[in-house]
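Just one chain is shown here, as structure tokens, and it is the form predicted alone.
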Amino acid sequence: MQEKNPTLSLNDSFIEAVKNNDPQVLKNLYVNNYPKIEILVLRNSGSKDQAKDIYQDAFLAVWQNIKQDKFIPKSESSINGYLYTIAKNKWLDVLRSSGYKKTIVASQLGHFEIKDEENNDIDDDILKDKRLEDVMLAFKNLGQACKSLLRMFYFEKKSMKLIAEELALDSASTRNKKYRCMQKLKSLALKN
């Protein structure tokens, strides 16, 4: 009867296969994780070519970190989550880069959203804090008229009709002014 080594699990053999460049294991890991990364990039203003580049970089980083024991996965799913997190962070770096900011318009930021299917609450909290910090800094640099209007609408929860009355404007002009103020705020936030 063959005794099992209690310290060597199925997971250990998977990790060893990754470390030893097992072509089938690497191919499965690569193919199974790519669709999630492509969706992430496509939903956040990217193209398929950009998704492939980001994924290639992320996959190599994960593979190197496993080989060098910088990342010791506890399961195959933790590798998947780690790969997703690295790809997400690489894509965020691209979006934050000054070269990319020059090529997008502020209105595209309005629907920017990272949907994380893995458990990456800590990364999301950091990202949300950074976004909030950027928006608050941009808000400080807005003109007084825009600050006042946005404060009334978003913080004081006043209706557009009431704001229009207080500013002695008609409703359409108030909505247009609010829209322009939001565009200016987004533009300032992108510069941070």
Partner chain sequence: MDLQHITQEELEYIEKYLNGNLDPLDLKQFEQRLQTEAEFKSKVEDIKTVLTGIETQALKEQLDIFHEDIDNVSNPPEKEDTKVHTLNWKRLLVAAALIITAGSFWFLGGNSNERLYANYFTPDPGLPTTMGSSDNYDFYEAMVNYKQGDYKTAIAKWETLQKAKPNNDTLNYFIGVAYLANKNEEIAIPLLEGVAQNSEFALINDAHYYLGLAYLKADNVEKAKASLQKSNVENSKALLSELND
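Computed from a predicted model, the values in this text were never measured in an experiment. Between two forms, the rigid core is defined as the largest C-alpha subset superposing within 1.5 Å. Positions refer to the first chain, counted from 1.
The following text describes the form predicted in complex with its partner chain, which does not appear among the structures shown.
At a distance threshold of 4.5 angstroms between non-hydrogen atoms, L60 is in contact with its partner chain in the predicted bound form. Contact between A164 and its partner chain in the predicted bound form is not found at the 4.5 Å heavy atom cutoff. Proximity of S75 to its partner chain in the predicted bound form: non-hydrogen atoms within 4.5 Å are present. In the predicted bound form, its partner chain sits within 4.5 Å of a heavy atom belonging to M136. Proximity to its partner chain in the predicted bound form, taken as a non-hydrogen atom within 4.5 angstroms, holds for one residue of N28, S47, S159, N65, which is N28.
Contacts between stretch 30 to 55 and its partner chain, counted in the predicted bound form as any heavy atom lying within 4.5 Å, involve Y30, V31, N32, N33, Y34, K36, K48, K52, listed in sequence order. I37 is not among the residues whose C-alpha shifts by 2 Å or more between this form and the one not shown once the rigid core is aligned; its shift stays under 2 Å.
Taking the rigid core as fixed, one finds a CA shift for M160 of 2 Å or more between this form and the one not shown. For V18, the Cα coordinates differ by under 2 angstroms between this form and the one not shown after the core has been superposed. Note: K184-V41 Cα separation is 3 Å or more longer in the predicted bound form than here.
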